[in-house]
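In structure tokens, the next block holds one chain alone, the form predicted on its own.
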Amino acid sequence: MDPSEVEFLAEKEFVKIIPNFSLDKIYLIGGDLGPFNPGLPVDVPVWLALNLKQRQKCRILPLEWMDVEKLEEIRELERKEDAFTPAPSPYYMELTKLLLNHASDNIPKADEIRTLVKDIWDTRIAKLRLSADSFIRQQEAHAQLDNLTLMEINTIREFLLDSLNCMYKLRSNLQPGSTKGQFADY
């Protein structure tokens, strides 16, 4: 899975919008949306919110966790804890990117939010790299990935798969009965 596929999944998350048009309930395969009345908040998927925003048909409300104070708390907690703390959202990085790139005028303190989310991301990725390094050094066979988001796992996936494959090859060569110098890819 590449980052664009993870972003596609993030677009299915719901966000509140305030439409400036009237429309009865719309019936989609993924569920019913609406009704849309001017000035009344309604929950819609991110993909629809961005489409309506680009056509100047709505205002997107910031997500609950997209608040400077909340993000500062999350950042400090993430820095203090050795283990991964729960992310603000399963798709916090993707949603921040999408909403701030397309609707930054609707989100107060957008630049501060972008910086805080980037700080949280950098802290979590640094922890992930340290965890992966420790995992490889201790020659573990399995790892617990609590509180990691799909994008974070996707970031380290290639490295971990290659490392585990190399460890497997090295271990299979050291076991009695194995033929030296022959590697089998599985």
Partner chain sequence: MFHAGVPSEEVWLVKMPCERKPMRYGHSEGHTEVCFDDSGRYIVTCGNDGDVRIWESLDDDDPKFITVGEKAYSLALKKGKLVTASSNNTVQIHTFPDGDPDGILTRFTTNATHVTFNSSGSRVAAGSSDFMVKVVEVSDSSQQKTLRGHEAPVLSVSFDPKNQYLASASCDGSVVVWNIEEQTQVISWPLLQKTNDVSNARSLCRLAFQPAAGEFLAVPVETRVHLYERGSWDHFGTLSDDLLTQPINVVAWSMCSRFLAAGSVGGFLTVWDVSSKLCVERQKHEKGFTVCSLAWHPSGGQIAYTDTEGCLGLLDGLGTSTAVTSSTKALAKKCAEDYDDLFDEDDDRLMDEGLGDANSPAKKPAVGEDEDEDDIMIPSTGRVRNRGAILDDENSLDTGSLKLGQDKFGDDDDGSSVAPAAAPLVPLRPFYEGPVPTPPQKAFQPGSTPAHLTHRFMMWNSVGIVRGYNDEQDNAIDVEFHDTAVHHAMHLTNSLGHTMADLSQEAVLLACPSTEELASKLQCLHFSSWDTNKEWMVDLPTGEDVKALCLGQGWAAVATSSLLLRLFSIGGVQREIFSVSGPVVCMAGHGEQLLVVYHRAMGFDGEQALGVQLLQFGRKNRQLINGEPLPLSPKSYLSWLGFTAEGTPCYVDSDGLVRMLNRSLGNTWTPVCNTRETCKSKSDHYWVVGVHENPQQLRCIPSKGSRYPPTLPRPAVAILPFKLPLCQTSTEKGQMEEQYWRSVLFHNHYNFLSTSGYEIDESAQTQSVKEQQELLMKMFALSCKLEREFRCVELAELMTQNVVTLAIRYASRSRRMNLAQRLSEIALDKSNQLQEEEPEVPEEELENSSTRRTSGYRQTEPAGDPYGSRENQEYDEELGEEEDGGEMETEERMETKKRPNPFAKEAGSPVKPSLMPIGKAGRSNPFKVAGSGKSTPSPGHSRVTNILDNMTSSKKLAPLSGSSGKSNKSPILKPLAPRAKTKAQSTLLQISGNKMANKKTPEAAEPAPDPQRQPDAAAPEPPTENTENKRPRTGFQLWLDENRKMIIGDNPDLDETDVIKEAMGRFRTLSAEERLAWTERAKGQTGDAADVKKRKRAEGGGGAEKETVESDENDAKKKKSLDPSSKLSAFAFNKN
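Numbering follows the first chain given and starts at 1. As the structure is a computational prediction, the values presented were derived from the model and not from experiment.
One more form of this protein should be noted, the form predicted together with the partner chain, which is absent from this view; the next part is about it.
With respect to the partner chain in the model of the complex, the three residues Arg124, Leu145 and Asn147 uniformly fall beyond 4.5 angstroms at the level of their nearest heavy atom. In terms of contact with the partner chain in the model of the complex, the residue from Leu130, Leu161, Leu28, Leu40 that brings a heavy atom within 4.5 Å is Leu40. Within 4.5 Å of any heavy atom of the partner chain in the model of the complex lies no heavy atom of Ile153. Though the partner is left out of this view, Asn20 does reach within 4.5 Å of the partner chain in the model of the complex, counting heavy atoms only. Proximity of Leu61 to the partner chain in the model of the complex: non-hydrogen atoms within 4.5 Å are present.
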